[in-house]
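Only one chain is given next, in C-alpha cells, and it is the form predicted alone.
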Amino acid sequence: MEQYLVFRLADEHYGLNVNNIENIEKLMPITRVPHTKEYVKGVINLRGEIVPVIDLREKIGVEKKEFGEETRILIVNWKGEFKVGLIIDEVLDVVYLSKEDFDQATRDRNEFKFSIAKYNGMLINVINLEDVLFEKAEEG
C-alpha cells in the first residue's frame, strides 16, 4: 500500500503519490515570467528558494477558474533534482491505495494518461508526475 494525496480540480478528484510531495502551501504571490507557456504561472519565493509554479488545471486541460480560498500549491520534488509548485483547487485527503484499488482502465485527457483508482466510492485520477513535469518529444 502507498499513500496518495487526493485533491480536487473542478469537480474531479485527482491523486498524487505523497512521496513526490514536499509540502503544501497556501496561495502566495506569484511573479510572472515572460515568454513561458500559459500554464506556467511564474515563480514563487519559497523561504528563499525560487520555485516555478504550474497551474495544473491548465496543464492537463481542465476548465480554467479563478483561484479561491481553498486553492493550494503542492510543492513537488522531482527525484531531489528540482522543485515545482502545482496549483490545485482543494486538498481533500490522504489515503492508502493498494494495487487492488487500481482499475485496469486508464483515462486520457489531452496528452495525459491517468490511472484510475477507486476509494470509498470515489474515482481518483492518479497523476503520473513525470507526464506533468516534462513535455513530450515531438514525433516525426
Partner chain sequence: MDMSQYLGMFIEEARDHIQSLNDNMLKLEENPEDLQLVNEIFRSAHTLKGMAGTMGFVNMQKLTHAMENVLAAARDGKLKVNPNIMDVLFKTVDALEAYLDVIVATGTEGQEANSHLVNALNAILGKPAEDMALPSTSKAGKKYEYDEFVVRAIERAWSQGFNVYKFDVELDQNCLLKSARAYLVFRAVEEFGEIIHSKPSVQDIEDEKFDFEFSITVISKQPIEKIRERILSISEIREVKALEIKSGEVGRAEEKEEIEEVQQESQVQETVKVVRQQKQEAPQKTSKTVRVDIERLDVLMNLVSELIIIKSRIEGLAKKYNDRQYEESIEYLERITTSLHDAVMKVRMVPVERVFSRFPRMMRDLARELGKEFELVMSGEDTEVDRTIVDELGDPLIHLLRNAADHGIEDPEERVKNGKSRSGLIKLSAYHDGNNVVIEVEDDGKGIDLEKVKQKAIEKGLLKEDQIDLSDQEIIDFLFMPSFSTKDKVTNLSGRGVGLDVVKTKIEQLGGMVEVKTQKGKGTKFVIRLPLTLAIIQALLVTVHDEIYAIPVASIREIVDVAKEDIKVVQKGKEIIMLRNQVIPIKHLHSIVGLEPVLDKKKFTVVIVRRGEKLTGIIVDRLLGQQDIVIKSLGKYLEGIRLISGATILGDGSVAMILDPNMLTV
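Numbering follows the first chain given and starts at 1. Just so it is clear, the structure is predicted and the values come from calculations on it, not from any experiment.
This next part talks about the form predicted in complex with its partner chain, which is not shown.
- Remark: E81 counts among the residues lining its partner chain in the model of the complex, judged by a heavy atom distance of 4.5 Å or less.
- For R32, a non-hydrogen atom is located within 4.5 Å of its partner chain in the model of the complex, even though that partner is not displayed.
- At least one heavy atom of T36 is located within 4.5 Å of its partner chain in the model of the complex.
- Looking at L133, you'd find a heavy atom of it within 4.5 angstroms of its partner chain in the model of the complex.
- Annotated contacts: V40, N45 and G48 all touch its partner chain in the model of the complex [non-hydrogen atom within 4.5 angstroms].
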